[in-house]
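Just one chain is shown here, as structure tokens, and it is the form predicted alone.
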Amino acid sequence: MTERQINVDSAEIAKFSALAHKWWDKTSEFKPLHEINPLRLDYIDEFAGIHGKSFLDVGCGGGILSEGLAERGATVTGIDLAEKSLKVAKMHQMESGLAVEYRCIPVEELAESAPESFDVVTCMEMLEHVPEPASVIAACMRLAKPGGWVFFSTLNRNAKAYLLAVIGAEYVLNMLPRGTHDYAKFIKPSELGRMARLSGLDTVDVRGMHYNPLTQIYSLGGDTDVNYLMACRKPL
């Protein structure tokens, strides 16, 4: 199977593999993910509920969201194609004692072997790192049970997002390593909504995620100009 067929960018895998040992260092480049994790969890809980549900975390990385879901009482499977990140996730799991099943498998392959297996599917901060985001979205839809929920988060594509997420976060505030994001891969909410609709999902809510550099606090709101989350539901 070729690299294109498994919908992965080897440069992206290499980038995150090089940082893998820092996933759980809350002062590292992954600090923003730790800080937004409670917001992501609350957003998911608002629509789908977490406790007692079966979750698939697509592009789980070092397991920050996966462990958060497990801590709130979910049964969680996390998948990623960066093996070093998964090793870190498993090592941290030994410390936390939280039950998460981690697998190195493409989401499209899992969708073929285990369709309609999960109450909720999450795909956070991943779509802007793959060659074919529509393929990932379609696979997430197939993996959700009828009536199940699918959550996405990504970056909008406009001048404001470029200034804040790339220039600001990577070059001015040094919140992220330079080169973390490729602006050309950012996805407008209308584009994500269309891809979700074409896959068979119904969009229920879109909400922006904001960072205040003065207070250094993240919050959710109506402004989707930069980071945003989308809640979708699979029809019964």
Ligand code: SAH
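Just so it is clear, the structure is predicted and the values come from calculations on it, not from any experiment. All residue numbers refer to positions in the sequence shown, first residue = 1.
Not pictured, yet referred to below: the form predicted together with this ligand.
Overlaying this ligand from its position in the predicted bound form leaves no ligand atom within 2.4 angstroms of any backbone or C-beta atom here, which marks the pocket as open. M124 is the sole member of A74, V120, M124, M141 with a non-hydrogen atom within 4.5 Å of this ligand in the predicted bound form. Of the candidate stretches 112 to 120, 80 to 88, 142 to 150, 93 to 101, only 80 to 88 has residues whose heavy atoms lie within 4.5 Å of this ligand in the predicted bound form. Contact annotation for I13: at least one heavy atom lies within 4.5 Å of this ligand in the predicted bound form.
The shortest heavy atom separation between I64 and this ligand in the predicted bound form is within 4.5 Å. Contact check for L33: a heavy atom falls within 4.5 Å of this ligand in the predicted bound form. Although the partner is absent here, A231 lies well away from this ligand in the predicted bound form, with no heavy atom inside 4.5 Å.
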